[in-house]
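Consider the single chain below, provided in structure tokens and representing the form predicted on its own.
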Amino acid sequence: MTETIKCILASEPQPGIVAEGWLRTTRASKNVVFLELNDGSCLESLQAVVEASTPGFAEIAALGVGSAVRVQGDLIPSPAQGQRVELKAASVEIVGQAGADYPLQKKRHSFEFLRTIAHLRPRAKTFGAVFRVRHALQMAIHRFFDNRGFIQVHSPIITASDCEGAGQMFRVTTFDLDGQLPKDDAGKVDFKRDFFETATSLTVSGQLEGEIFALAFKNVYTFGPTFRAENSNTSRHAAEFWMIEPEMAFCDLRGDMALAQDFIQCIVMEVLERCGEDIDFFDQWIEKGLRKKLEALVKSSFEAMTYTEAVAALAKSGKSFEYQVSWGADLQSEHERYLTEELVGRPLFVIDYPKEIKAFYMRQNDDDKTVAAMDLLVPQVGEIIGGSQREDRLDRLEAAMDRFGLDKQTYWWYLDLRRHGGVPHAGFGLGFERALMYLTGMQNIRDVIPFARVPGSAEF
């Protein structure tokens, strides 16, 4: 196994180096060919210099962008500006040629075009940077929780429960949809004759299963794919995305907020340290001031205010918002951004939302109007984390389920947790791709996930 180009570029000049990768550019003259070689390990490429005396020189000179090669030679100091070393080739093995119709050329391509070639776009410079940051962020998340004694739980992807109560879920079935669906006595589809003998869907959240394990292991987290059947074509929505959801027993809303702040600051700091070159690339080409924004987040003290205080501040702002501000209505992105960017000028927790606009499992406050929920808002994005203290009182939880029209029999096990050693507990959720958008400055969720699943498209 050869060294990566990242390692080679960091090495001192030495003989007998082998480099493998794909050609980003080629420049040929009568006596020499310059190959710009990249293997995805870093932003920069390694220049290989191939002289006319090299075996197969004519064929090498005819290589197109995208071709895969293995180059053997000596790593020498580079006389060219902007690069410390280069590879003086002794031999070049052509591993795989790219055709003349290879769509990725040296010119800049639109992100819309690159989405149509998602099988090739990881080789583009921007997407190489995106997916290196994606990997680093994932590793930072696992390290954060592992260092604090959390246990990871693999929650099920197929579920019979709807965590959010929204009903916008993808149905899972083995029924032949082209045939006659079996019906029960009421004329409805008889799911008792399906594989799981009940109606099942793709999960919208691993939270409820996380609560089960939190009430045995105290501190747990889930990190997996979630699915929403929302016909939304915005730049921030996808039908399939990844969620990180920690759950902590013996924890209230304040403890939940403290962990959320520690979490977001730690993972951003680690990405800054591990992916500095990529962050600087995004700062230059995607979002000016990105590094400064991220460094400010890491150093910030976070503010907190209640939903009621937030609504009052919005009403007194004198701003003309597209969506009207009123108590009982959910805050929109424009409201969140005003609060965090203009009113407080730093990250902000908004807490204690009206119970009518939050999920059934959130703990009801003593005012009988609000629940112990929290949203973390950050400048330029708005909400990035949402969480709550969970309702641990059986009677209050059952009343909330009745209010939301949920079948308590379906959630018998969830209610059972309150009957047998239930304790105050809390947790939150972070959308992995939205966090990645914040870290890279990328404006569309389709561009931070390898193969986007959105309305009308499940290609690749």
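Keep in mind that this is a model prediction, so the values were computed, not measured. In this text, residue numbers run from 1 along the sequence as written.
FYI, the form predicted together with the RNA isn't displayed, but the following is about it.
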At the 4.5 Å heavy atom threshold, is E36 in contact with the RNA in the predicted bound form?
-> yes
Could you confirm whether Q81 comes within 4.5 Å of the RNA in the predicted bound form, counting heavy atoms only?
-> yes
Even though the RNA is not shown here, does Y323 get within 4.5 Å of it in the predicted bound form, heavy atoms only?
-> yes
Contact of R434 with the RNA in the predicted bound form (heavy atom, 4.5 Å) = yes
Among 213 to 221, 260 to 268, 380 to 388, 309 to 317, the stretch whose residues bring a heavy atom within 4.5 Å of the RNA in the predicted bound form is 380 to 388
Non-hydrogen atoms within 4.5 angstroms of the RNA in the predicted bound form: do A28, E86 and I445 all have one?
-> yes
The one option of S300, Q72, Q332, Q138 with any heavy atom within 4.5 Å of the RNA in the predicted bound form is Q332
Which listed residue (D146, E356, E112, E277) meets the criterion of a heavy atom within 4.5 Å of the RNA in the predicted bound form?
-> E112
Give, in sequence order, every residue of 36 to 68 that has a heavy atom within 4.5 Å of the RNA in the predicted bound form, or say none if there are no such residues.
-> E36, Q47, V49, E51
